[in-house]
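One chain is shown next in structure tokens, namely the form predicted on its own.
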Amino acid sequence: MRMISLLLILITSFFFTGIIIRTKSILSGRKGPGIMQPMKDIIRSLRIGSVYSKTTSFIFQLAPTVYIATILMAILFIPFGNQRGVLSFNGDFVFFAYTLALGKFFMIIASLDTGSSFEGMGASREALYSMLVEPAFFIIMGSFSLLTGFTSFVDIFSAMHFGSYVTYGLGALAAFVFAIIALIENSRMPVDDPKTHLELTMIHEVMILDNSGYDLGLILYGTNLKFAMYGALIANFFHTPGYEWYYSIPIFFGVQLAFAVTVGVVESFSARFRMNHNPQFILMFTSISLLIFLGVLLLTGKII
């Protein structure tokens, strides 16, 4: 049963991006591609050999593999309701965050390894936004750790009981912030536009301009996995203790579907922010996580 979270996330990753694109197509009045088309594109890329510039070193060739490996490693810590992930220990959410950071670090230095000034700009922006969004994650998990008295994902989610309007509000705010973190970490609207073609305004896309074939397929699939991974974290807020697996699995897929549709709606009706507004936007959600921390202090009687 410890593999159930991993299996569900892998299944969701095949459809997540397709649902986003399908939602955007419907809202814009177009037929659009099928839900499986993004996955077909990834599989096609995985069948093609990669081309490497002579200016790059082994770091550029290694980075995509490390990137996808760190995402898969992080997924192993995600619980499914009361069921532990494949890996679980006290303080595992800290290891989870910095495992993802390791993959991001390799992607950043790989983009610098190309010697391209455009990719250097994208790497700088990616590093800045990752640094700014990190406090929001730790404040939320630290707050719930204080509320429950536990420091591992499964124990925190299992011990959380929503029995008042305050706790319902805290859970809703946390789910909302996790959704925004997923958008920022995957460089989606309104922070970045994955469909832009202007290098000066790109963030993630300009970092992977030199990647091709198999390496590009790994990076694109990594985005699918990260979306499904954050969706699984959000779903854990709805897996209250006592639910059997035959209730929890539909809840899991329902939350993932709602998350993907929400991302599609956001990208359909919002414009990308100006670059100098992105740090303000990210820090605003850190302030929302501070509201969660304040609510936990009130519930635990730390402040009156």
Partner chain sequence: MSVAFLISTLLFILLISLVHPGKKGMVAVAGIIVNSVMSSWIAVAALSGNAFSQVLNGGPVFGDIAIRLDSISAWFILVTNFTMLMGILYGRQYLRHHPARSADMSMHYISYLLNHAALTGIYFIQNMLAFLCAWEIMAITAFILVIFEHARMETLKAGINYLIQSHISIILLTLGFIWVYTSTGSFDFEAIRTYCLSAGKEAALLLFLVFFVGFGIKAGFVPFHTWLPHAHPAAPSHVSGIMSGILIKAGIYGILRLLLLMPENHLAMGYFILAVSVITGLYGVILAIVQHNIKKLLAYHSIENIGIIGIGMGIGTIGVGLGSPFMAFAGYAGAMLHVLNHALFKSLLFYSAGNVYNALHTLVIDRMGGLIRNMPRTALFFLIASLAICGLPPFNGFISEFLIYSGLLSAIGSSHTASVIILAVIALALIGGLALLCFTKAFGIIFLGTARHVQHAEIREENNATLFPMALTAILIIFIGLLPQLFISVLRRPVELFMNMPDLEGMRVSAQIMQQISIAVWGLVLLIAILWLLRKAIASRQVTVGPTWGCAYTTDSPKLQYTASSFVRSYAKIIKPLTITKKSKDEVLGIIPKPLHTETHFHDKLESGLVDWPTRNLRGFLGRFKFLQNGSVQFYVLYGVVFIAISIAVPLIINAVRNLAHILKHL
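Small disclaimer: the values here were computed from a predicted structure and weren't measured. Positions refer to the first chain, counted from 1.
Note that the form predicted in complex with its partner chain isn't included here; everything after this is about it.
Each of 53, 106 and 130 places at least one heavy atom within 4.5 Å of its partner chain in the model of the complex. Segments offered: 31-39, 59-67, 231-239, 256-264. Contacting its partner chain in the model of the complex at heavy atom distances within 4.5 Å is 59-67. In the model of the complex, its partner chain stays beyond 4.5 Å of every heavy atom belonging to residue 3. Using a 4.5 angstroms threshold between heavy atoms, residue 27 stays clear of its partner chain in the model of the complex. At a distance threshold of 4.5 angstroms between non-hydrogen atoms, residue 48 is in contact with its partner chain in the model of the complex. In the model of the complex, at least one heavy atom of residue 210 sits within 4.5 Å of its partner chain.
Note on contacts: among 73, 154, 179, 219, the single residue with a heavy atom within 4.5 Å of its partner chain in the model of the complex is 73.
Scanning 186, 158, 145, 201 against its partner chain in the model of the complex with a 4.5 Å heavy atom cut-off leaves one residue, 145.
Heavy atoms closer than or equal to 4.5 Å to its partner chain in the model of the complex belong, across 69-101, to the residues 69, 70, 72, 73, 77, 87, 88, 89, 90, 91, 93, 94, 95, 98, 99, 101, ordered by sequence position.
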